[in-house]
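Consider the single chain below, provided in C-alpha cells and representing the form predicted on its own.
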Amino acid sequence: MQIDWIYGLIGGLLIGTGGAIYLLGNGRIMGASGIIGGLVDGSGRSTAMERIIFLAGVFITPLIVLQFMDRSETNITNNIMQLVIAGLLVGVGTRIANGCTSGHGVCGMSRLSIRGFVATVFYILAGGLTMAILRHVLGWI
C-alpha cells in the first residue's frame, strides 16, 4: 500500500504550525518571500536577525530530517540551469504577487483573506498552465 501522501500531510501540518507560531509570536504573517525580500531590499533591517534565524531553520531542518529518513528517488531534473531559471521565475512571481504560497496560501487562506484566496487561485492556475505549456506543447519538461 502506497502511503507517500503522508509526507505531504505531515509537511503541511508542520508549515501550518510554523505559520501559527510565527503569527502568535511576532504578530506578523509567515511569508517566506517577504522574509527573504526584506533582507534583500533592506526593508527588514529592524528584524534582520529574526529573518536570518527563520531562514536558517528553513535550510537546516530538512538537513536534519534527512538523516532519519529514506532518501527516495525524486522526479527533479538534473539540469541545473533549469532549476536556476525556475527559482528565479518563482522569486519574480512572488514579488509581483506580494507574497508566496506560505503567505497567501497557508497564512492568508487560514485567516480567510480574500486576497489570499485570489492569489492562491491565480498562482495555482499559472503553475498548471506553465507546466501544460512546457511539458505538453514545448516538450521541455
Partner chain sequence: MKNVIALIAGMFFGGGLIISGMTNTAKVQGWLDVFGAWDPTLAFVMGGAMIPMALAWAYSRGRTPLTGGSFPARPDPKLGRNLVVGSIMFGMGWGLAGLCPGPAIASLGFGGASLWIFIAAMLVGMLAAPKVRNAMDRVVPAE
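These numbers were taken from a predicted model, which means no experiment stands behind them. Numbering follows the first chain given and starts at 1.
Form predicted together with the partner chain: not shown, discussed below.
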Exercise for the section: Answer yes if any heavy atom of Arg111 is within 4.5 Å of a heavy atom of the partner chain in the model of the complex; otherwise answer no. Expected result: yes
Problem - Interface membership of Gly91, the partner chain in the model of the complex, 4.5 Å heavy atom rule - result: yes
Practice task
Answer for Ser43 alone: is it within 4.5 Å of the partner chain in the model of the complex, judged on heavy atom distances?
Solution key: no
Practice task
May I ask you to check whether Gly139 falls inside a 4.5 Å heavy atom distance of the partner chain in the model of the complex?
Solution key: no
